[in-house]
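Next up: a single chain in structure tokens, the form predicted alone.
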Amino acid sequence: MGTRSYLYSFLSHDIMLTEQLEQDAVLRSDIQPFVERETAKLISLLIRVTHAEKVLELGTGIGYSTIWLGGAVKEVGGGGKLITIDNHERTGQEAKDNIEKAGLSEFVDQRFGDAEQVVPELAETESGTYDMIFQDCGKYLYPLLYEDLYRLLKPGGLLITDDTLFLVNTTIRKGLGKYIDTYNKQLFSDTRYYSTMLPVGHGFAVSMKVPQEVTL
């Protein structure tokens, strides 16, 4: 038994549809890879631990991670909502269907559009209102959206970043790692965040927006 098989023997699915999506993805070449189960489970745990009610996801895909996160928001209660953004029409419709099958339509606000347009607009109207943000959109956007994501988070809110070890992963398409490396350097030199990085999936960073002292 390999490491992945042993690990997955313990990591059960919160909503069984995600198990089917994992199985189907093995045979598909028409979708972007989605997060590993251990990554999705960890984010779901963080939502529960922090009682995050307003969560933003960048990169919906076919809705795999959306179902994990939306299910956690539902469990937290309090009328919470997951807002998820993606610009791919075909997979977006598939995600919509999967979200409905999972019984999460009430808890997920699915928005279609380019993140580089939608996120700055959100930063103008919803600054400082998000408990958690999951960053998993186009890798070139990571550095570009950096300041807008900071603005969107509440003090004490969490920025979760996927794929942070792309630069040193030889199986990843060449060129993507440079954007991640730029982003990592931004993030870990920024004293406005308290951050750590873990070798979970293709790299997983967790950053807390440090509450600023009030000066009179």
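Residue positions are given as counts along the sequence shown, with the first one as 1. Just so it is clear, the structure is predicted and the values come from calculations on it, not from any experiment.
Same protein, other form: the form predicted together with a small molecule, not shown, and the subject of what follows.
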Q. Of D114, D109, E126, E75, which residue is found within 4.5 angstroms of the small molecule in the predicted bound form when only non-hydrogen atoms are counted?
A. D114
Q: Considering only heavy atoms, tell me if L141 and the small molecule come within 4.5 Å of each other in the predicted bound form.
A: yes
Q. Heavy atom to heavy atom, is P155 within 4.5 Å of the small molecule in the predicted bound form?
A. no
Q.
I'd like to know if S105 sits close to the small molecule in the predicted bound form, meaning any non-hydrogen atom pair within 4.5 angstroms.
A. no
(Q) Whether D136 contacts the small molecule in the predicted bound form should be assessed with a 4.5 Å heavy atom distance threshold; does it? (A) yes
Q: Please name which of the stretches 44-52, 147-155, 186-194, 60-68 has residues with heavy atoms lying within 4.5 Å of the small molecule in the predicted bound form.
A: 60-68
